[in-house]
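Quick setup: one chain, the form predicted on its own, written in structure tokens, and binding and motion questions come after.
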Amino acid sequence: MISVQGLSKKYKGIEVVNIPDLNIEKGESFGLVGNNGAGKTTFFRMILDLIRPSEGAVLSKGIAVNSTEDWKFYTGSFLDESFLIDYLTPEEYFDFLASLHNYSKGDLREFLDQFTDLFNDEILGRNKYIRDLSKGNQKKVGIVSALMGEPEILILDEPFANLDPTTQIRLKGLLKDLKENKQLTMLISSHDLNHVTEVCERIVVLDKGIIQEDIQTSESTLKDLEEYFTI
């Protein structure tokens, strides 16, 4: 589904990502972990063609993402608040996205009804602009918007950050449910080792832009990761 070939990104001569080869299969739930500055967000931004690699390429369905926009029609993503139109209310923002996906009003209502528990009466009907919502509630809007249009690929950067414990648990349940749908390929970066090991069947550890570990999740994965990050 997504493959990397000789991928490198340098800033002022300093290499921040160096991934010679990586393949993420269709239907895979892929977790990316690492300390601050590991290159996780930079890697995701190259997958989304938000920044261009210094060398190499990212391919989606075998085609370089910087050579076509076709991948945008089957990819949903939320990395940070810059993905939102913050001078709109959540309702206005969802209406706008619904028009892009040819949703009727009924389609949109049915879609949003799936996320009642996640929204927890804090998003819709509040008469607030997105910019006036808390960071956690902005993240809820972004994650749900990334799921609109039934994407084949979902990319989320630190989805559990800024969320209260109840919402983290609800989001984890949502992502687990999505994982059961093998048509959806999920890429999730997170500092939360516990959540990512529960949600993802494969985890890659990135350190200074280099892959250090690439493991299939098992009962020992959380312990193994905790030991890795305490060395």
Partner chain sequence: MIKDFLSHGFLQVRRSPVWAKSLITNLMLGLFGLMMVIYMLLLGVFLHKVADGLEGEFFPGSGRIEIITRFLVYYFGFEFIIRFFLQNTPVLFIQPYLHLPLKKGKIIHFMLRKSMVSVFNLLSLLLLIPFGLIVVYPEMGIGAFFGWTAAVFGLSLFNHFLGIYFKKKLNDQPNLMLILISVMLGVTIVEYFNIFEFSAVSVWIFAQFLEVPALSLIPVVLAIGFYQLNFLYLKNNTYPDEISSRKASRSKFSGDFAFLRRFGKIGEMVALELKMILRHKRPRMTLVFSGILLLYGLFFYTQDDFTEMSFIFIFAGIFVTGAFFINHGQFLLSWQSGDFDFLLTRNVSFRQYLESKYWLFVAVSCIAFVLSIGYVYFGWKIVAINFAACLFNIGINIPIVMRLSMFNPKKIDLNRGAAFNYEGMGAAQWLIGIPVLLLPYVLYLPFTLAGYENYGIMAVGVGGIIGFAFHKYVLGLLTEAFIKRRHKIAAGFRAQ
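Positions refer to the first chain, counted from 1. Just so we're clear, the structure is a prediction, and the values are computed from it rather than from any experiment.
One more form of this protein exists, namely the form predicted together with the partner chain; it is left out here, but the text below deals with it.
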Does the 4.5 Å heavy atom contact test between residue 101 and the partner chain in the predicted bound form come out positive?
yes
With the cut-off set at 4.5 Å between non-hydrogen atoms, does residue 26 touch the partner chain in the predicted bound form?
no
With heavy atoms only and a cut-off of 4.5 Å, decide whether residue 66 touches the partner chain in the predicted bound form.
yes
4.5 angstroms heavy atom contact with the partner chain in the predicted bound form for residue 137
no
Quick one: from 143, 123, 97, 154, grab the residue that has a heavy atom within 4.5 Å of the partner chain in the predicted bound form.
97
Contacting member of 70, 164, 55, 198, with respect to the partner chain in the predicted bound form [4.5 Å, heavy atom]:
70
Taking heavy atoms and a 4.5 Å limit, what residues of 40-68 are near the partner chain in the predicted bound form?
49, 50, 51, 52, 66
